[in-house]
Each structure stands twice: as structure tokens, then as C-alpha cells.
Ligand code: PGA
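First, one chain by itself: the form predicted alone, in C-alpha cells.
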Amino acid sequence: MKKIIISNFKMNTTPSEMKNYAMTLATKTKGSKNKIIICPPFTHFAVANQFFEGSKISLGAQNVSDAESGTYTGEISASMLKDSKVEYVIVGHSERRSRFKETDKLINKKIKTALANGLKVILCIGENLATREAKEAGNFVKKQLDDALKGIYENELESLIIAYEPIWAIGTGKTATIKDIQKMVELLRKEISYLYTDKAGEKINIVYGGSIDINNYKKIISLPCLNGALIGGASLNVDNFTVISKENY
């Protein structure tokens, strides 16, 4: 079964290091049936495009401004990304929400700006440990989803991937069980069905991102309820990421 395999480099590697990574990945994943999306830092786009051109690998960005242009020093607009041959952009990552205080309202605006400029969006949502222990994970994640999708039309969902990333399972040593993942994905699909239609709930692409690595990837990504995975630190090892990307799920 074809899956979506997404790599989030975060603030790691240099453009020089990207050259070998991109060349290796493009060469070794030829023939893969999966959709591969690489989201490196902005500085890597030119190098990545050089080696991804002609391959099935898509380029993604880790962030986008909610503004189209203007006096926003240090920001990158959606039109800049589009012109740099970027196809996808991550919006609402837990690190952006916590470290940079991005609100659901801002995330909603970023989604609209990205879609208006022809970009596809990888929307990250997920709860922290305190919320989970308070048994409010379901309500919390549903609100994140509802707020992020305000004003988004059903036909635009074709350009959206939902990435469920339980914050409590990232870099903490804690692990989400298969049951945990299935339960949350089912909840997300039901919420999409409630907001739109049953068909939308069935068709929406949902991937999982929570400390996936070379040791646990297959049992998670193979879940029928999931469309793939968002992989962070583990994707920096190009050999391991190649194995995950080429897997026949």
C-alpha cells in the first residue's frame, strides 16, 4: 500500500551536507511506490532541487509566513516558497506552537495563505503529557483541528495532510501504543466527517509523527488507518530513511 513518508530536518545539516543526502536518497529510492517529501531548512532548497529534479521526491518547507509580503524581516512568504519549487509546507508543528507561541488563529491564517499560493499543507496537531493525563487529549486535538480548518473548504482538503504528533511521545522515552494511535486517528477522521462529509473523513490523509525510527517504523506505518509518517531526527540518517521510504507497506 502506497504511503506518504515525510522527513523534517528541523534546524539540522548544512547545504553542503544536503548535497550528499539528496543525491543518495534520489538514487536509492528510484522505483519506490511511496510519496516521499523532504522538508529541509530554507537554505537547502537550491541544492535539493538540483538532485530531486526528475525524481518522485517532493520538496517541503518547515514554516511559512502568514503575510504575503512586506516589512517582516526574517520571514519567508508562500510565494517565495512556490517560486523555489516547494510543493509542501509544515504548519503548526509543536515546536512552532510552544517555542514561538504560534496560536491556532495564526496557524489557520498560514494555512489559508499557503493554499491560496498553491502550496500543499502538512498540518501538525497533538497534545502534551499534562493534557493527556487529564484525559482531555481528544477534546484538545479536536479543538486544534476545528480552529485550524475554519474557513477551509472541503475541496481544499485534497491539499492537506494531517500529522498527528503526540508531544508527550517525542524525545521523552514514552511511546504511543498502536491502540493510542488508532484511537486518535479514528477520532480525527470522525471530526473531519462532522465538519465536512463522511467521504472527506475517509479520504483525508493522516500521518503519524511521534519518535518513529528504524526499529519501530514498519508496525506503525503499516497501520491501515494511517497514510504514512512524519519523521524527525531519525530521517537525518539517509540510509535508514531510504529503507523506510522504500518499504512496501
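These figures come from a predicted structure and were not determined experimentally. Residue numbers run from 1 along the displayed sequence.
Keep in mind that the form predicted together with 2-phosphoglycolic acid is missing from the display, and what follows is about it.
Using heavy atoms and a 4.5 Å cut-off, decide whether D66, A78 and K112 all contact 2-phosphoglycolic acid in the model of the complex. Checked in the model of the complex: no contact with 2-phosphoglycolic acid for any of the three.
Interface residue in the model of the complex among I192, I221, I212, I36, criterion: non-hydrogen atom within 4.5 angstroms of 2-phosphoglycolic acid: Result of the distance check: I212.
In the model of the complex, which of the listed residues (L160, V141, A148, A169) lies with a heavy atom within 4.5 Å of 2-phosphoglycolic acid? If I apply the 4.5 Å criterion carefully, the residue I get is A169.
Within 4.5 angstroms, counting heavy atoms, which one of the listed stretches 67-75, 103-111, 88-96, 128-136 is next to 2-phosphoglycolic acid in the model of the complex? Answer to the contact question: 88-96.
Report whether the minimum heavy atom distance between I231 and 2-phosphoglycolic acid in the model of the complex is within 4.5 Å. Yes - in the model of the complex, heavy atoms of I231 and 2-phosphoglycolic acid come within 4.5 Å of each other.
Taking heavy atoms and a 4.5 Å cut-off, does N8 contact 2-phosphoglycolic acid in the model of the complex? The answer is yes: N8 has a heavy atom within 4.5 Å of 2-phosphoglycolic acid.
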